[in-house]
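Quick heads-up: it's one chain on its own, the form predicted alone, in structure tokens.
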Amino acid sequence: MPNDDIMELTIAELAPKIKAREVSPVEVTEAALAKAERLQPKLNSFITILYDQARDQARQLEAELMRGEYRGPLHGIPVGVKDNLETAGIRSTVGTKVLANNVPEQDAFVVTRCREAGAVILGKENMEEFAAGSTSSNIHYGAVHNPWNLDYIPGGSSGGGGANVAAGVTFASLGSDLGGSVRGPAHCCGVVGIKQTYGRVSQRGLMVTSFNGDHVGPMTRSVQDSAIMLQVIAGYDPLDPSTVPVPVPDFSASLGKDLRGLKVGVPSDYYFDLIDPEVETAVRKAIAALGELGVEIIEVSLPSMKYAGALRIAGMADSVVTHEPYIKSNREDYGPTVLYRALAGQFVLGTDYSKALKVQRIIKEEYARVLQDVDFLATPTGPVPAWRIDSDTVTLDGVAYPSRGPGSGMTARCTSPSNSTGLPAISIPCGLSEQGLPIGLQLIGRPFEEELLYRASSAYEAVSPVLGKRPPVS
């Protein structure tokens, strides 16, 4: 099978071919490494490509396959790992000069799960420094480029993963999401990205992270592939007190089921208050398509979201605590936008922090009430499509908003609330802008109901106007 054809497949399409020995793990891995090497000068999506390690893994997995030992749908599938997830014996930089020579002694829990499932780790992916931003324009390792238009950002902070999945370099990538860092690249790069319920997946081995709201989640080319990836990484971790010992369902079980009888809530406030007209048009059409699939569309109100800006106060305080040891030891190695963003947290008073947590509780309760009347919510993933790499601002309604550093929260305004509520949220491609840049639809569900989100997302994906479209660089 030609290399280019292999790399165009989804995990769900490729896995049966590997199982049947029609395609070998070595063949797939060589195709992925060749494409990574060819596109790295254009995308700059990796910090480290693991040529030798990936080949060694592939040979081992091929030998197992020849012995009749098949690990499952990830057997021999090349995946990427964001460079803020620990990988044993492999440099893990968190996208910063501060940790340029950091080599962990063990794998992150999710990396271990992927290895055990047979995935081949292709490389450590480029990202925003310390995962703090929406651009993935890294001052130390260079900017990641969007495969739909190389002059534009891929979203952040998991931009390398989003670019690789969209361009057909990896079949899936593991990212982290503290304010939209998986769903943002999914929106900007036209792939599927999920932030599952807080507590569903272990954060152990996620480096320099917040203690409140961070998640590890997959980016994939299809909803079915997302369900396959989450099946592998989900589950209770006794060494991570943030994980919850709840049963892990079969996330693929509801794919293809009818949507009739379901109700979707469309917020009348906040999510559509500040939005690019092209994004709103695409998202409204996607919601209408859900209606045509049998979902009852109900307008809902989230009045407490007018206080959502207060949620960032808690995040600022968490950030300065997280960064404190590194600022003391390596302040000169920080990029300026991350440094000034982190330092601002030292001015948050205890009463400010407590009020932010109070707002967080009020908003959580409001979502809980609304989700008693509907099965899930539909919103834009981002207020704007990707913007140019060389732009420091994003303009909406005549107002220029910072796209990096302090004050740049506008770009993640649709995704970050779900980090504070802990609710599962998925981004699915739903359109392209006039400039040919992807637009994402976000579905938000009840706690631990990812299976329902996959059911709705899969049904919409089948009628999406961008189904099967690939970026030019791929």
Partner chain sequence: MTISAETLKAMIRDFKGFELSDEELELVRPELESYLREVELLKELDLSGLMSSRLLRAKEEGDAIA
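Note that the structure is a prediction, hence the values are computed from the model and not measured. Numbering follows the first chain given and starts at 1.
Unshown form predicted in complex with the partner chain; subsequent notes refer to it.
- In the model of the complex, the partner chain lies within 4.5 Å of some heavy atom of residue 346.
- When the partner chain is considered in the model of the complex, residue 243 lines it closely, a heavy atom lying within 4.5 Å.
- Contact annotation for residue 103: none of its heavy atoms lies within 4.5 Å of the partner chain in the model of the complex.
- The closest heavy atom approach of residue 328 to the partner chain in the model of the complex falls within 4.5 Å.
- Only one of the listed residues (99, 275, 310, 374) places a non-hydrogen atom within 4.5 angstroms of the partner chain in the model of the complex, and that residue is 310.
- Proximity to the partner chain in the model of the complex, defined as a heavy atom within 4.5 Å, singles out one entry of 284, 361, 140, 257, which is 361.
- Stretch 243 to 251 is the answer when you ask which of 243 to 251, 106 to 114, 186 to 194, 76 to 84 has residues with heavy atoms within 4.5 Å of the partner chain in the model of the complex.
- Of all the residues from 438 to 463, none has a non-hydrogen atom no more than 4.5 Å from the partner chain in the model of the complex.
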